[in-house]
Structures are given as structure tokens and as C-alpha cells.
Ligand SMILES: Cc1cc2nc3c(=O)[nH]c(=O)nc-3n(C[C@H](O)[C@H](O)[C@H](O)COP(=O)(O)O)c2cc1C
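Single chain ahead, by itself, as C-alpha cells, in the form predicted alone.
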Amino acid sequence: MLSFHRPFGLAPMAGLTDTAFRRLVKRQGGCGLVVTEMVSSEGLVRGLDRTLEYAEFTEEERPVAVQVFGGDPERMALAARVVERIGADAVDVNMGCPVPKVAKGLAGCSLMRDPGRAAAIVEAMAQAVSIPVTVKMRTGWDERGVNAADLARRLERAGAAAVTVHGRTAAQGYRGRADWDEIGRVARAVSIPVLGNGDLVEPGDLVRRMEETGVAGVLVGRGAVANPWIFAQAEAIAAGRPVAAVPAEARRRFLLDYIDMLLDDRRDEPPGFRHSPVSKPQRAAGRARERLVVNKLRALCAWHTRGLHGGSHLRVAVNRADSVAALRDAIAASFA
């Protein structure tokens, strides 16, 4: 059974919820479970460096689930063993990604159209490892194929320890409104914990949706990228305490700390990178790291600046920045 001492968790978002971001969110308080960006089962089994990098986490992030996608029960079971071996608290099966390159490989949300295969994957994984096997799904493939409650029952019988339901179909993508009524139906259909996901923008949304639907918890994606303090604020609301405003200095520090943590992550740099003299490969690796940090900050600020006073100016300045130094200057100027 999956358990965490807080009912609010961070949902995976490809390209955004990396280990640096997850650690920073944890430090703001209120966040229980975190889930890694999705990783390929095949990449894990074959030991590909890039895949293993996406699956890495730190002790500070616990409890942490590594999310895996794939469509072959045997390979998914092998991938689950890799996840268990690296010490994750749970392995999460992606049955919700609607991106064609994932879904066309009998993975992601396409598994909701093949409940037998979906159950076989969970059963194989649950038999292969001792850590909890969880699933993140949608309400269905499209509006004519809404089957989350039925699939959740099958997955429970197959050995799933918990399921998270994003309240949209694969056909919807991220359009329209999340169907929390359907999420509530899933929660009533099974005895394992059900977590809800979708349109959790304000801290009060987390508490209200739990009360309305009876879910065991919620996972927040875009709402947490825009407001990493949403978990602490929701925890305050649930406890009947006033919600403290986030000072500008905390926002400035969050962005600068994120830059520092990304720069400190030198896994992709060659041995001896910090030693001189600096060779051409080392300089190239340094430039690649700089581009990565700039791109990461642009992606984060696209969400992080929404609704923020002066947010559009910060977003424009970050998008114009072409170096880490320029990023720091843009942030300093925006919060001056």
C-alpha cells in the first residue's frame, strides 16, 4: 500500500519537474509524494544514461515514485526491478500520456483502450518487486470510452497499490475542464487510494476537491510549477490557518536557487571538467550546460510568472537572456 504523511503531491511534468525543481518544492513545505518525469521502460532495462538520469532522485525528495512508460509486461517488470534497485519508494505506470509518440507504442493512455494489457503490466510488475506499483491514468481515451472506474477495479485486482486519475480524456489533451465527478466515481469504485489530478490552480482547490470527492490525496502539476508554495498554503487552509503571502524575496530566491542547483548538476560533463587547463570538449560541455539552464528557466517562467505582479516583464527578460549571467541579471532587475 502506498502511504505518505501529506495528501498533497507533485505530479510529473516532462521537462519541468526535474530533481532540482522537486527538491525546491519540498523545501517550501506541505508536499508529500513527488513523482519523477516519465522514463522509458526500455531505456531503464538497457541502462541508457539519459534514461537513468531522468530517474535519479535524492533523499530529500522522499517519498518519491519513479514513473515508467511502456507496453510490454515483461519489459515493464524488468524496469520495475531497476526502479526498486535504485531505491525508489514506488514505481508508477504512465497510462495517461496522450502524446502520439508514446501512445502509438501501446504505452501511455493507449493502454486504457486495452484493459487486458494494462492489467497484465501491473500484475507482472507487482509480482516482480516489493515496492508499491501505482498507476496514473486519465478518465478514458475519449468521451465515448470513459472507463477509468472499470479499469481501476481491474488494476486493483492485478496488484496496483494506488491510482491517480487526471480528469480529462486523452482526446481532450489539456483542453476543457477536468471532470472531478468522474474522479470521485473512481474513488468510490475501489478500496485502494485514489489521487485526483487536474485544474488544481489555487491552494483552496486542493482541499475542496478532496472534501468533495473523497479522494485520498491530490497530485498537482501546472499549479505547482506556477506556485511552488501551493502545498504549504493548502496545508494551512486544511488546518484552519491563514494563508501567508509569498514575499518577493522568496520568489527571487527560488529562481536563483534553481539556477544554482542546475549548474551544480554536472553528470553530463566529462571527467576532470573542473580542472584546468580547459579543453575544447570541456568548454563545449560547459556551453551545453549553460544552454540547458537557460532553456529550463524559460520553460519554468512560462508558468511561474502567470498572475505574478510584473510577471510579463520577467518572462520577456528571461526569454531574451542567452546566458546564466543574463538570467541572473533579469531576475535581479525584476525583483529590484
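Source: prediction; values computed, not measured. Don't overthink the numbering: it's just position in the shown sequence, from 1.
This protein has a second form, the form predicted together with this ligand, left out of what is shown; the following refers to that one.
- Note that among 238 to 246, 253 to 261, 196 to 204, 154 to 162, the stretch whose heavy atoms approach this ligand to within 4.5 Å in the model of the complex is 196 to 204.
- Proximity of Ala79 to this ligand in the model of the complex falls outside the 4.5 Å heavy atom cutoff.
- Contact between Pro73 and this ligand in the model of the complex is not found at the 4.5 Å heavy atom cutoff.
- Among heavy atoms of Asn94, some come within 4.5 Å of this ligand in the model of the complex.
- In the model of the complex, Ala11 approaches this ligand with a heavy atom inside 4.5 Å.
- Residue-level contacts in the model of the complex: of Val133, Leu111, Val220, Ile121, one residue has a heavy atom within 4.5 Å of this ligand, and it is Val220.
- When this ligand is considered in the model of the complex, only one residue from Val64, Cys31, Met38, Leu297 comes within 4.5 Å through any heavy atom, namely Met38.
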